[in-house]
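The chain below stands alone and is given as C-alpha cells, in the form predicted alone.
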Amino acid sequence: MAHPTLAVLEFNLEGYRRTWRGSVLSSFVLPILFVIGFGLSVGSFVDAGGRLGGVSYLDYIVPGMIASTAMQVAFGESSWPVMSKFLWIRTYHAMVAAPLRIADIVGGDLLFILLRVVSASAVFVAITAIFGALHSAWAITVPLVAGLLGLATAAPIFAYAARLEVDGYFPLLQRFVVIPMSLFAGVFFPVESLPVGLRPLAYVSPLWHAVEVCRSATFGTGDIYPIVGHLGYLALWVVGGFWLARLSFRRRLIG
C-alpha cells in the first residue's frame, strides 16, 4: 500500500493529468519569451552601456528569472487551489474522512508543487542553455534550488490560505508581496543598487537567497559558506511554513 502522503500526491497528479495543457503557457512559454525579449532585446541596450559584473545582461537575469518563475508557480498552486479544496470542492474534508493525517495532506500537496516547480525550472534551464546563458555544469542543480524556493513560498501560503474565507486577499498578496519581490530581489539588477534602507527588505525575502544560489550555479562561482547559508535560510522557511500549515489545516478541518 502506498504511503498516505504519496497517495495525496497521486491524487494531485491524476487531476493535473487532465488540466496540464492550461498551465503550459504560464509555466513554460511566457517566461522563456520574456527572457528572449527582455534579455536579448533590452539586454543589448544594457550591455551597450556596460556589462553587469562583466557578463551579458541575458546571462545575468536568466538565473533570477528561473527563481522568480519558481516562486510564481508555487504561489499559483498554493493560493486559490488550496482555498478551493476548503471552501468550494471541500476535497480536504473528504481526505480527513478517509482518514488521512493533516501531515499527509499538507505533505502530499507540497510534493506536487515541488514536482511542478522542478519540472518547469528544468525546461527553463534546458532552453536557456540553448542560448548559451549557462556557464557551468552546476547549472543542473538550479531546478533543485528552484524546488526548495517553491516549497519555501508555498508552505507559508498554505497556512495563509487555510485561514481565509474569501479569495480577495490573494491579489493583494500578489501585488504587494510577490511582484515587489520579483522586481527588487536581485532578479534584474544587483540589490546593492537599491537605497541602503530598502536592501534589508530584499535580504529577508526567500527569492533573493534563491537568486544568489542560482546565479552562483549558472556561473560556477561563489564560496561554499554563503551558499550553504542561503540554502539553510530557504530550509527554515520550508520547515516553519510546514509547521504553520499543519496548525492552520488542523484548526480548519478538525478544530
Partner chain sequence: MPDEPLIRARGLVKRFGDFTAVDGIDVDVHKGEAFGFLGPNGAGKSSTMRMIGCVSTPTGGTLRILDLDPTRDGPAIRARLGVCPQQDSLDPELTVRQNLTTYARYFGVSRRTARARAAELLEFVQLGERATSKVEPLSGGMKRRLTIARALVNEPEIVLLDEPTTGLDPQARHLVWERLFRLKQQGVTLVLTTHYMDEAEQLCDRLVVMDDGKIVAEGSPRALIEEHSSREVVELRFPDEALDAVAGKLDCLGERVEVLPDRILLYADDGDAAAAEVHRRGLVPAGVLVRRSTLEDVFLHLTGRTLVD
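Quick caveat: nothing in here was measured; it's all calculated off a predicted structure. Numbering follows the first chain given and starts at 1.
Unshown form predicted together with its partner chain; subsequent notes refer to it.
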task = Would you please decide whether R101 lies within 4.5 angstroms of its partner chain in the model of the complex, comparing each non-hydrogen atom pair?
result = yes
ask   = With the cut-off set at 4.5 Å between non-hydrogen atoms, does A137 touch its partner chain in the model of the complex?
value = no
is_contact(V96, its partner chain) in the model of the complex, heavy atom dist at most 4.5 Å = yes
request  = Classify W237 as contacting or not contacting its partner chain in the model of the complex by the rule of any non-hydrogen atom within 4.5 angstroms, answering yes or no.
outcome  = no
task = Could you tell me which of 141-149, 158-166, 117-125, 85-93 sits within 4.5 Å of its partner chain in the model of the complex, going by non-hydrogen atoms?
result = 85-93
message = With its partner chain taken in the model of the complex, which residues across 7-24 come within 4.5 angstroms through any non-hydrogen atom?
response = A7, V8, E10, F11, E14, G15, R17, R18
